[in-house]
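A single chain comes next, written as structure tokens; it is the form predicted alone.
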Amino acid sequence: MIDVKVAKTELEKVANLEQLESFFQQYLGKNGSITLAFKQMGSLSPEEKKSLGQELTEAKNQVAEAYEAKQKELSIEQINAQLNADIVDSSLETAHVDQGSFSLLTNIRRDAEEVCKSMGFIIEYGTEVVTKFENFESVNIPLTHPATEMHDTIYLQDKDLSGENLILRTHTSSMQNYLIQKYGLPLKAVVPSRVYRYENMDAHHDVMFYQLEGIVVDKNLSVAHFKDMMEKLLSALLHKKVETRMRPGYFPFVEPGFEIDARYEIYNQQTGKKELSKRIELVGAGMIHPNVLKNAGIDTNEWWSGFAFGIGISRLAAMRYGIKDIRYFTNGDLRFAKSFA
């Protein structure tokens, strides 16, 4: 018969988890005394089995309960010992680590996205590598147009399914056909992404720059709807009340097309008075050409119309912060980057 008192006395002497494992094997393991005692009951009579079985079961339960309590106690002691060994003095000085931040252009782009989302626009980025159809023909630019020549467009060696060379998109307008076919009508979407052109770099031009392309298509839209939305959008993007002026401008994918100049109230430090800034050309835009809608499978006889606009995100940043040379955005000068962190 198993003496539970003796087992509990031995258990009290156990000092660590390794000793506890030895105790378990001695009493409760596969070859433990309690387990063997149950196996030896096979030769007993039914009456003896019933009597001894109850005693063994009670003994096993008591020993197992004491074992589990001891195991919990030793586990807590081990965890506390490890925590005490791992204590770090937080008052000690640590090596200085510079905290990263978004670039100025990224912050402006993210801010513009939030403004556009609040006005109900879908945000899309699209692909930077496109076909000649997407970049030109889908937006009413014939392949004979000068913009398709090497002096404007960067061609890649890879080819599309028709055998034509793929290109780096020269404008985010290349997304218009895709957006209309993907989302259907009515549609409000913007594409804040990079575009590429073969340019001579100077203070106002770069090979790669960001555009914010917007497209709105619905029934019976007019120039009045377009002008009202642009004033609200530009005011939100520049964080100022903006006054706009629309001048005629030519873009193959809009008719009529407009150049939009903006000005807003500034503080003149010399006179100490508020005055209007000079007008700055900020947006190329217009009413979407019917051919663009037809290329996307839209029946213009059903009174579908729309407008599109393109804003240079670099120019937005330059206007907001008074930056004179857009090359600062991409030349990797950490002094410039950290000044806007």
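Please read these numbers as outputs of a predicted model, since none were measured by experiment. The numbering used is simple: start at 1 and walk along the sequence shown.
Quick note: we don't show the form predicted in complex with a small molecule, though the next part is all about it.
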Sort through 316, 308, 298, 63 and report the residue having a heavy atom within 4.5 Å of the small molecule in the predicted complex. 308
197, 240, 225, 263: which sits within 4.5 Å of the small molecule in the predicted complex by any heavy atom? 197
Find out whether any non-hydrogen atom of residue 171 is located within 4.5 angstroms of the small molecule in the predicted complex, and reply yes or no. yes
Classify residue 254 as contacting or not contacting the small molecule in the predicted complex by the rule of any non-hydrogen atom within 4.5 angstroms, answering yes or no. yes
Is it the case that residue 292, even though its partner is missing from this view, gets within 4.5 Å of the small molecule in the predicted complex, heavy atoms only? no
Please check if residue 134 has a heavy atom lying within 4.5 Å of any heavy atom of the small molecule in the predicted complex. no
Listed range touching the small molecule, judged in the predicted complex by heavy atoms within 4.5 Å, from 159 to 167, 206 to 214, 126 to 134, 97 to 105: 206 to 214
